[in-house]
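Just one chain is shown here, as structure tokens, and it is the form predicted on its own.
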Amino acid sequence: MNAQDKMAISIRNAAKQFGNFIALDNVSLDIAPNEFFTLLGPSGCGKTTLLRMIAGFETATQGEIFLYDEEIEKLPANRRSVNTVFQQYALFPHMTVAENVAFGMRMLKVPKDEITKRTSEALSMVQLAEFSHRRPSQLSGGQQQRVALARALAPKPKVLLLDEPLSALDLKLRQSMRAELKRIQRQTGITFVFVTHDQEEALTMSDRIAVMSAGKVQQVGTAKDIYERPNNIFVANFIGETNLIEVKIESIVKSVANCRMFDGSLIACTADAIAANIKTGKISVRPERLKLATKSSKGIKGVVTQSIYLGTDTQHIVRLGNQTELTIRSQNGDGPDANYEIGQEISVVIDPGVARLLTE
């Protein structure tokens, strides 16, 4: 294998068990060089455990972890070319910003001139060069986060691990830091492995995402892949907002399924790897893909039960004849789509291909 073909991180059949609790269950992943890769999932899904195993803070119950083809599972944390930015920044309060950034390099016995150079470069990268002589207590939360990032980047690790580093920041600061993290990752070319439970963070920053649940990887792909083509009901529900409607499967030809709705109508849906003998399932339709029309129009009949103006769009809740409730988002503008009132009888239009057939 050529050097350029090596994965930054390769995880093979990794498992972690704490007593009787299985935190990770046979996980295998490849993370490419220069990639912004996100581990996404709810609390307790195993994403932080996996990150800590890569860092060397947890040992695997079974499996192997490779860093550019070198097995690192048995290496202590301080001998891995991997650094971590934690949720709590863990800056030394008695040290200046520059001293905090330099600390790790001093522990690695990097020459003094090189430490000075790298400290300056790292602080410039995170736009804190003029704050080098301040102490952490004199900085805002966002600035402290940047110092922690500079400290982790200065030793030039092969991989940078980030364990929910934005969770302590307010919304506006989180949004600005997302763009900053992506800019820094592109500028340095270092592989970032980012852990979050926030789907918006994952969608806006990541080259690829691994969605995790109950210690397993449910799906790996780009943000668009996962949003548009979820593998299962968990992924469809966790990434963005979706409507799930029970259907009977009439036929599947290649990647198209013909699904019978409760009212007898037939819907053409996308479908991947659905077993031929499966007769029922659920279709997933994103709220922005559904259309509202007048009662006399072709579509599934329902009644508007809520209508919420959200600025750029209006969210309608529609109850169908079988009591299923759908969420529908209509873009606000000059058209009639948003002008439906509570109690109004309407038709819900599902265009061919916008629904996706899923099983458990």
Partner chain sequence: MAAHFNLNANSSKPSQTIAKDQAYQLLPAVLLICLFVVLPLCLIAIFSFLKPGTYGGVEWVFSAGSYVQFLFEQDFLTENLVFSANYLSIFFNSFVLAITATVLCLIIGFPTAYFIATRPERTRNIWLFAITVPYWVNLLIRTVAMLFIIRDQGPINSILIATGLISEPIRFAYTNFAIGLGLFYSYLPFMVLPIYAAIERLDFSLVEAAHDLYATRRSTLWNIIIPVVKPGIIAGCLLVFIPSLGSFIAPDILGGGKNLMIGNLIALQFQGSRNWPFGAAVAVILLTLVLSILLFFAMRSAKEARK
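Positions refer to the first chain, counted from 1. We call the rigid core whatever largest set of C-alpha positions still superposes within 1.5 Å between the two forms. Every value quoted in this text rests on a predicted model; they were computed, and no experiment measured them.
The same protein also has a form predicted together with its partner chain, omitted here; what follows describes it.
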| property | result |
| --- | --- |
| Residues I22, G46 and T61 all lining its partner chain in the predicted bound form, heavy atom within 4.5 Å | no |
| Per-stretch contact check against its partner chain in the predicted bound form, the hit in 87 to 95, 215 to 223, 285 to 293, 252 to 260 (non-hydrogen atom, 4.5 angstroms) | 87 to 95 |
| Any non-hydrogen atom of R52 within 4.5 angstroms of its partner chain in the predicted bound form | yes |
| Interface membership of V82, its partner chain in the predicted bound form, 4.5 Å heavy atom rule | yes |
| Residue contact check: P230 to its partner chain in the predicted bound form, 4.5 Å heavy atom | no |
| Contact of R174 with its partner chain in the predicted bound form (heavy atom, 4.5 Å) | no |
| Contacting member of A273, L108, A179, L266, with respect to its partner chain in the predicted bound form [4.5 Å, heavy atom] | L108 |
| The unique member of I278, L244, A77, L203 whose heavy atoms fall within 4.5 Å of its partner chain in the predicted bound form | A77 |
| In the predicted bound form: members of 111 to 142 within 4.5 Å of its partner chain, any heavy atom | R135, Q138 |
| Core-aligned C-alpha movement of K224 between this form and the one not shown, 2 Å or more | no |
| Large Cα shift (2 Å or above) at K156 between this form and the one not shown, core-fitted | no |
| Yes/no, P136 Cα shift of 2 Å or more between this form and the one not shown with rigid core fixed | yes |
